[in-house]
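There is one chain below, alone, in structure tokens, taken in the form predicted alone.
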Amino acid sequence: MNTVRTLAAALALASALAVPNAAAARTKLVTLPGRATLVVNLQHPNQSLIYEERDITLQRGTNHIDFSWQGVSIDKDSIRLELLSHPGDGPEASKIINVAFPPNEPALTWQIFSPEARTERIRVSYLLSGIGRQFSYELTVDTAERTARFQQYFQLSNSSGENFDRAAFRIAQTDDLVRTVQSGETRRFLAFEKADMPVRKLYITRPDPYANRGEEGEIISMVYELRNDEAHGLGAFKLDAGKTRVFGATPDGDTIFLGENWLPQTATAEEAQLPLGTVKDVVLKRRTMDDRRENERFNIHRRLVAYDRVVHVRYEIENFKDAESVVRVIESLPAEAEIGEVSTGGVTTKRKSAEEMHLDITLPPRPADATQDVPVREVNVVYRVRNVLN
């Protein structure tokens, strides 16, 4: 190992504070026993908080404990020492009476007073750089594409100079993961898994209201949608961003690779979407049937100053798939727009934001008889924008 960090105790046999006429002395350095506990807290994105506990032997009087490091990215201002076995301010407590930083050295020294010779459990904590972490996911969708096995993986890269032997790696997504990760090593762990998680398959399009694609139809993406909440077996923590590989289950029990995309960071109770490319067997054409002014208002000079705008949009949709499909149309609307009418059933509307409306349109499968034409589903939407200034 080309980098070494040591924690050692210098034990004084006598202390002027504890024994009259005796001078405090530092007789030798004694390497501390192995860590009783080692925790690596990875919940901060840039630095890792390390806790390590050890049992040390204290002499009666003043004891010196040295903490030194070489080739390890420790924030020296973050180093803390806690006395666990005999804390407090009473006469029986061990006490930290001084902390010193030797000049130009990666080290510090604590002076600890003990009223008697005994063993003390101590906890040393510090911030450590050089531990990289990232998340990735695997989603395996069942044959009906209604549920999936959701797996979250955690990858840790250790370039800190510190070796972690059976350390408890702490992340929000799971109980502590006890693993050994040496300096210079990268390891990947399964952090969380949920079987039979509900998913929803959608076909999503975002028409440009100022670009008429005509008979060519809109660009439609195939998307798997999941929701980070308790009803979907999630919701205990946010989902960190990460690359996601999507697999599909076949009727004979095998799996096939469907594609991959980047899962955005998803807060609890929010939706996450995984687009996996565009499709041609669902066709949607958007047509503006009417765009007129109503309720025009004029000033005293008979100049138009404001009006209401009424827009009628028609969607013509064909489903060439053998299964029922849901098409989501994401319309960009003025913030003042009001949805006045949706002329057909089987459509749900949701105002996702001030300037975005979602229409989910359910389409039946194509006819089983191949000689029949695929029906065209028409959906008419009318919205009104009030008080448009001229």
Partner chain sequence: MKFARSRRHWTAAAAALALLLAAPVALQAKIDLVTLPARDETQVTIYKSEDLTLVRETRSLTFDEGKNEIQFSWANTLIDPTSLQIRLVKPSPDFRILDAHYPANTANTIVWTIEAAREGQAQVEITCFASGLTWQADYKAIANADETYLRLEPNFTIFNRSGESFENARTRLVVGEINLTEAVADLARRGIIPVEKAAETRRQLGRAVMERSDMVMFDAMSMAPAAAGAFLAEAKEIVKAAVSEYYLYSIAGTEDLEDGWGKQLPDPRIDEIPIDVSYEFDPAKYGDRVVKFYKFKNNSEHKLGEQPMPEGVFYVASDDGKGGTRFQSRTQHKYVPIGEDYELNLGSDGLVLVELRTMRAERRDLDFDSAGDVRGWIDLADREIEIRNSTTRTIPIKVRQYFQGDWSFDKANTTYKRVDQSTIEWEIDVPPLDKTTLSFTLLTRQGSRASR
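Small disclaimer: the values here were computed from a predicted structure and weren't measured. Numbering follows the first chain given and starts at 1. C-alpha atoms forming the largest set that superposes within 1.5 Å between two forms make up the rigid core.
Although it is not shown, the form predicted in complex with its partner chain is what the next lines describe.
Among 274-282, 201-209, 151-159, 259-267, which stretch sits within 4.5 Å of its partner chain in the model of the complex, heavy atoms only?
Heavy atoms within 4.5 Å of its partner chain in the model of the complex occur in 259-267.
Going by heavy atom distances of 4.5 angstroms or less, which of H312, R245, R170, H232 would be at the interface with its partner chain in the model of the complex?
By the 4.5 Å heavy-atom cutoff, the listed residue in contact is R170.
Exactly one residue in G184, G71, P102, G132 has a non-hydrogen atom within 4.5 Å of its partner chain in the model of the complex; which is it?
Of G184, G71, P102, G132, the residue with a heavy atom within 4.5 Å of its partner chain in the model of the complex is P102.
Should Q47 be classed as touching its partner chain in the model of the complex when contacts are defined as heavy atoms within 4.5 Å?
Although its partner chain is absent here, Q47 would touch it in the model of the complex, with heavy atoms inside 4.5 Å.
Give a yes/no on whether F298 approaches its partner chain to within 4.5 Å in the model of the complex, heavy atoms considered.
Because a heavy atom of F298 falls inside 4.5 Å of its partner chain in the model of the complex, the answer is yes.
Might R292 be said to contact its partner chain in the model of the complex, defining contact as any heavy atom within 4.5 Å?
No, R292 is distant from the partner.
N41: touches its partner chain in the model of the complex, heavy atom cutoff 4.5 angstroms
Yes, N41 lies within 4.5 Å of its partner chain in the model of the complex.
Judged by heavy atom distances of 4.5 Å or less, which residues of 333-360 approach its partner chain in the model of the complex?
Those in contact are A335, E336, R351, K352, S353, A354, E355.
Would you tell me if L333 moves between this form and the one not shown by 2 Å or more at its C-alpha, with the rigid core held superposed?
Yes; that C-alpha moves by at least 2 Å between this form and the one not shown.
Is it true that R187 shifts between this form and the one not shown by 2 Å or more at the Cα, once the core is aligned?
Not so; R187 is displaced by less than 2 Å.
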